[in-house]
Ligand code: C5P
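Listed next as structure tokens is one chain, alone, in the form predicted alone.
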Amino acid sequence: MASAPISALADRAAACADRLRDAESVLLLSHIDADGLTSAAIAASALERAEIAFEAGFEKQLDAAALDRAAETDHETVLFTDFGSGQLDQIAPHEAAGDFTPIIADHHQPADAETAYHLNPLLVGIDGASELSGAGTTYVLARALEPAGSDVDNRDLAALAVVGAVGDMQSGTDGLTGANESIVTEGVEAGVITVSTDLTLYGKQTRPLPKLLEYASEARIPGISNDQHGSVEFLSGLDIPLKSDGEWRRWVDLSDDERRTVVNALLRRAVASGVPADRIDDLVGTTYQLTREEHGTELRDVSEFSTLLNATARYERADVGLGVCLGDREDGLMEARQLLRNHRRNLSEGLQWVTSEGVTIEDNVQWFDAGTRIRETIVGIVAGMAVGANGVRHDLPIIAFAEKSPDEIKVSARGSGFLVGRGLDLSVVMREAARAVGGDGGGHTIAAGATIPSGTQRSFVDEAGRIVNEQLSKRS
């Protein structure tokens, strides 16, 4: 069945926009990942342009304590972006008590409750896991907030919506699909996005050529990937200049002909090395650049931009990420880059720990418990990076545990498109398994999370495995 067009959200967006215009003050609350940060920036820009007073804040998790904090503020209206749908059953009592009027712009699976102002692609037949992110949903709200008869045009915010979608892993080799494509089109029309077919490796704007190939995880090529000497040797065998003024050139420094030379040689090496065809196909695909950002910086490439944002809020500096999204190209960007360097180091150390310690393989899931060795805000990223390395299987969902506090454990789970096609829904797995042990969770079919009481990990794994088996058996 074809996805509904993005215009299917228009009526809901208009109702939410009208309510925001009537509000005396708005508390804007958002999630802390790249999608959440871009959602907050889109909402903040649209509210400011519509001259609606607001205050912005962030939460790692929208739990009872976070909602109580929102209720204690003086704001009559709370705009939730990139979360809220899954917590509707907890938000509803606050609405009924008159604590605040909730307005939700989210793309996660909704809980079994209702509110008058709920903007979610899943409610109109759009897949929120793959076709519209939280930032994309908030962008639809931003378009609805454009003051009638004014010169305000919020299509420039499409750039941030695309960053959010890519950061939420909604872009494949063929690029963004479904409702996301409509946003890309509007961004191109507004002159803030360009689309091209190019090498899909991360770091094309900023990494020296040898590092671009050495660190590539999209398709591990023997003799090049994770091999500094091998990547230099490979590039040295090509008939192109590799340095300029003594410095290694980057991908963005190459001409179109030089890029074709590298791509063709890379593909030949991959085929000769026996890299699976589907992994080879992933080397070239649709990529997005932001035309108003400086050439050769992390902000020019959508993938690098989203990674930079992830490196801010996951280390308690959501304010820095939001500032960058809103245009801070001085102190804020400098601090974000330092956080990114720290983030990369932590990811590398986390991945090294997982590959060294290994994972426990069960009948239907695989898992590891990092305790305090991996930060709870990045353990899900590490879990996703570990799939396919040193005994970590592609054909089983991976569950990762990390200590959140002495009494709480953060759980992150990652699946694959293949498993989702067979019936896997990790949002259900995380929610039901967590509630079975006294916690709660949710998310998307392919990636989800939960918080559970300390000491319940074994019971959680057993319950999660049972639910996964049930889901996959039904589809079979």
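Numbering starts at 1 and runs along the sequence shown. Just so it is clear, the model here is predicted, and its values are computed rather than measured.
One more form of this protein, predicted in complex with the ligand, exists but is not displayed; see below.
Sort through 75, 250, 269, 314 and report the residue having a heavy atom within 4.5 Å of the ligand in the predicted bound form.
Residue within 4.5 Å of the partner: 314.
Quick one: 157, 187 and 306 and the ligand in the predicted bound form, is every residue within 4.5 Å by at least one heavy atom?
No, because 157, 187 and 306 lack any heavy atom that approaches the ligand to within 4.5 Å in the predicted bound form.
Under a 4.5 Å heavy atom criterion, is residue 440 part of the interface with the ligand in the predicted bound form?
Yes, contact at 4.5 Å.
Does residue 45 make contact with the ligand in the predicted bound form, using a 4.5 Å heavy atom cut-off?
No, residue 45 is distant from the partner.
Decide whether residue 168 counts as a contact residue for the ligand in the predicted bound form under a heavy atom distance cut-off of 4.5 Å.
Heavy-atom contact with the ligand at 4.5 Å: present for residue 168.
Residue 66: heavy atom within 4.5 Å of the ligand in the predicted bound form?
Answer no; every heavy atom of residue 66 is more than 4.5 Å from the ligand in the predicted bound form.
With the partner removed from view, which of 66 to 74, 404 to 412, 22 to 30, 47 to 55 is the stretch that lies within 4.5 Å of the ligand in the predicted bound form, judged by heavy atom distances?
Comparing against the ligand in the predicted bound form, the contact stretch is 404 to 412.
Only counting heavy atoms and a 4.5 Å limit, does any residue of 81 to 106 reach the ligand in the predicted bound form, and if so which ones?
The one in contact is 82.
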